[in-house]
Ligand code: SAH
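Heads up, the chain below is alone and in the form predicted on its own; it's given as structure tokens.
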Amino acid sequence: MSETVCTLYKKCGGCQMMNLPYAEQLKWKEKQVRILLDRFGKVSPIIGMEHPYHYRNKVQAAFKPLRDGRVISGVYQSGTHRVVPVDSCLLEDETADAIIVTIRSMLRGFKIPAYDEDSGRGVLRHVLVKRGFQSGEVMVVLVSAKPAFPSVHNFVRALLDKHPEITTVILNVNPYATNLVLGPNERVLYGKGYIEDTLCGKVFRISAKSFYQINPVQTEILYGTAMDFAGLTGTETVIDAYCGIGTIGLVASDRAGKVIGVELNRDAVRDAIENSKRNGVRNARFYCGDAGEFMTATAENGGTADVLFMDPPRAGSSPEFLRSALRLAPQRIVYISCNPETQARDLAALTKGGYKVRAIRPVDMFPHTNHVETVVLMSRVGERP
């Protein structure tokens, strides 16, 4: 058995490996990466966490009313919309968990009904909490099924009395029948509407909708590995595809000549631009658009890039994106992946296109789950890595 076991892990389904000691989890993950990626090159030993608990700096809870009038909050059972009641989770930030429990306890006193998916009645659907690992700043997002949230300002004042560590509160409205937690409209109820956190020496602005790695301790290791692989000397032109709020590109900016970030999410690009200003970075530009189309246009106009950082979603990169990368033909590609299966597929396409894998390093970003991140360095055949 593992060092610490959650009593809910079988029912919840979020921690598929909680029954294994952490050292055994790491062995299993490294083996999976070797099975998938060994054919491309030598897989280095996995980097695990020293303290693999309470690492999630983003916590979201679904709320559900029961027939007896009580309200439960927690996580959806894996593959379902059944809410498993959770007050504290071994993976989640403890401050975030405590805030969610407090909000649930306040609902009855403020006559705020939890949302019922079956009937479409009720108000509070979810609560999302984000906490800055270094800054300690805390964002609370109340996700409402209706624009009108009863006694919202009094509710927020009472919440702040109980949790003065909260630095901003946002009301997000999601009236749609959807699997998405957040809706399109939101308004700031308290604070500045975002939090900031420091990662790899850079300060990042984090909004409710923007993506930010949920395990900052391992993210510093992940990005540090990516920077080492990139081998930047201060003169290179770097493209950060799928750049999000600019984390990888801004971390690379100290070592590169020029950084170009491309991202489809307009909110994330706005945050990336603000993050660039906040850190006094003058050699980075961020664009809202499709990264593949951007690289194709760059190549057609005679542009080049020395290093391409790519960090796609779990589905991996599209064939169109990979073709555009091959057309641009950067000297080196640093591929960060949260899914080695789709990464193996993409590496096959890139190696057929003239690249060779030079280094592979797994990093355990999500202890007690079956997920693993990998960083892969590629360079064009015939060039030094």
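By rigid core we mean the largest C-alpha set that fits within 1.5 Å across both forms. Numbering starts at 1 and runs along the sequence shown. None of these values were measured; they are calculated from a predicted model.
Just so you know, the form predicted in complex with the ligand exists too; it's not on screen, but the next bit is about it.
Site residues 330, 355 and 377 are none of them in contact with the ligand in the model of the complex, judged by any heavy atom within 4.5 Å. Only one of the listed residues (136, 289, 175, 184) places a non-hydrogen atom within 4.5 angstroms of the ligand in the model of the complex, and that residue is 289. Screening 190, 155, 149, 242 for any heavy atom within 4.5 Å of the ligand in the model of the complex leaves a single hit, 242. When the ligand is considered in the model of the complex, residue 160 lies well away from it, no heavy atom lying within 4.5 Å. Remark: residue 73 does not count among the residues lining the ligand in the model of the complex, judged by a heavy atom distance of 4.5 Å or less.
In the model of the complex, the ligand stays beyond 4.5 Å of every heavy atom belonging to residue 279. Although the partner is absent here, residue 313 sits close enough that one of its heavy atoms falls within 4.5 Å of the ligand in the model of the complex. Residues within 4.5 angstroms of the ligand in the model of the complex, judged by any non-hydrogen atom, belong to 260-268 and to none of the other stretches in 231-239, 113-121, 83-91, 260-268. For the stretch 206-227, the set of residues having any non-hydrogen atom within 4.5 angstroms of the ligand in the model of the complex comprises 211, 213, 223, in sequence order.
Relative to the superposed rigid core, the position of the CA of residue 317 differs between the shown form and the other one by 2 Å or more.
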